[in-house]
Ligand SMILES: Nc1ncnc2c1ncn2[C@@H]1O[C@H](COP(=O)(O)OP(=O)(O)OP(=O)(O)O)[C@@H](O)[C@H]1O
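Take a look at this single chain, the form predicted on its own, given in C-alpha cells.
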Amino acid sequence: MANIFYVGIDLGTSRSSIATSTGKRISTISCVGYPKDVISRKRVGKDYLFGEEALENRLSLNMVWPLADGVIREDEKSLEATRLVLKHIIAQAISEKQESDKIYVAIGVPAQANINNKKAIIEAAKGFVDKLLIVSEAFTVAYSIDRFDECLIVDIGAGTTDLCRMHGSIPDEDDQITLNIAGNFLDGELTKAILKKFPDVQISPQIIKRIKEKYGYVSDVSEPIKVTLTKRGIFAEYDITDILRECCLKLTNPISKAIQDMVGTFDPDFQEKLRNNIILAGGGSRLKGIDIAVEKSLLEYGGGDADCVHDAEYCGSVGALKMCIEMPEEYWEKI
C-alpha cells in the first residue's frame, strides 16, 4: 500500500526549511554552486554542490542564488537551481520513500509572487512531487501558531518582508502586501556604512551576514559592538555600535510604516485589536529589540503590541506542513 508523505517548505531567499509528516526538520542555505572549470570539477567531484558545502568551496564554483530577489529569477540557470534545491531538500527529508509512495507539498512564497513565479515553482516540482499547494509565507506563519483571529503577521525574510492581516478566514489579496525591504537590504546598507567609515577594511557578504545575525539590534542602548576585520590582511578591531543600529532602523522604519498602513485600511471597529496583535517572524525577527522598536513606532498612532515567534527558522515550514495535512482537495494543484 502506498504511503503519503506530507511536506511543508519555506522556500527562502537565504535559507529554506522543510518539515515533514514523519517528524523531520531540515534547513539549508538556498544556493547551488557549479564547478568553474575542469580543475574545480575534479576537486569537488560533483556536478554541483548545495548550501553550506557550496559556500565552503565558493572560490572554485559559480554560485547561483535562485531566489536572490525574494522570488525565483526567470533565467534558465535560476529555474534549474530552484528545482535542484527543492529536489535535494525533499530527498534529504524523505530518504525512506518507495517508488509507489506519494509526496504532497505545501510551499510558502512571498504574498505577491506573480503568476510566472508560481508557474515556475510548479514546473520545478514536476517529477518528484505529486500534489502541490502554493501559499503566502506570512499565512504559513499564522497557521503554525494557530492565529486566525484579528492579528497582523509580519514575516521579515532575506529578500522580502510579507505582511498579512488575519481575520478568521483565508486572507484576501487586499490583506497581504510584500515589501522589497528585508534582510538583504539591511546587508547592503551595513556594507555601505562600514566602508564609508572604514574605507580600507575587507568585508564579504558572508562576513556582513555573520555580523548582522550575531549583533543586529534596534534598541535604544547596547553594549559596545566591536568586530575584528582585516585591512590588507592585518587584523584590527572596529567599533560599529552606532553604524549597526542606524542601519537596522533603516529596515524597521519602513516596516513599521507598512504595519500602520495595514492597520489604517482595516475595518475601524477592529483596528485597535489588529494593532495590539502584531506577530513578527522570519530571520529579521531575531534582531534584538525589534518588537519594542515596532511598538514605539506605533505610539503616534495610538500604540501597539508586538511579539516575536519562538522558532523563526521553522515556523513557516511547520505552518506549511499543517496546511498540507489539513487543506481540502480543491485547493491543490495536481502536478
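As the structure is a computational prediction, the values presented were derived from the model and not from experiment. When you see a residue number, it is the position in the sequence shown, counting from 1.
Keep in mind that the form predicted in complex with the ligand is not shown, yet the notes after this line are about it.
Out of the listed residues R83, R73, K209, R245, K209 is the one that sits within 4.5 Å of the ligand in the predicted complex by at least one heavy atom. Under a 4.5 angstroms non-hydrogen atom cutoff, the ligand in the predicted complex has N184 among its neighbouring residues.
When the ligand is considered in the predicted complex, G319 lies well away from it, no heavy atom lying within 4.5 Å.
In the predicted complex, S21 stays away from the ligand, with no heavy atom inside 4.5 Å.
Taking non-hydrogen atoms only, R15 approaches the ligand to within 4.5 angstroms in the predicted complex. With the partner left out here, the ligand still marks one of 45-53, 272-280, 285-293, 300-308 in the predicted complex; by a 4.5 Å heavy atom cut-off that stretch is 285-293. Interface residues of 156-170, taken as those with a heavy atom within 4.5 Å of the ligand in the predicted complex (partner not displayed): I156, G157, A158, G159, T160, in sequence order.
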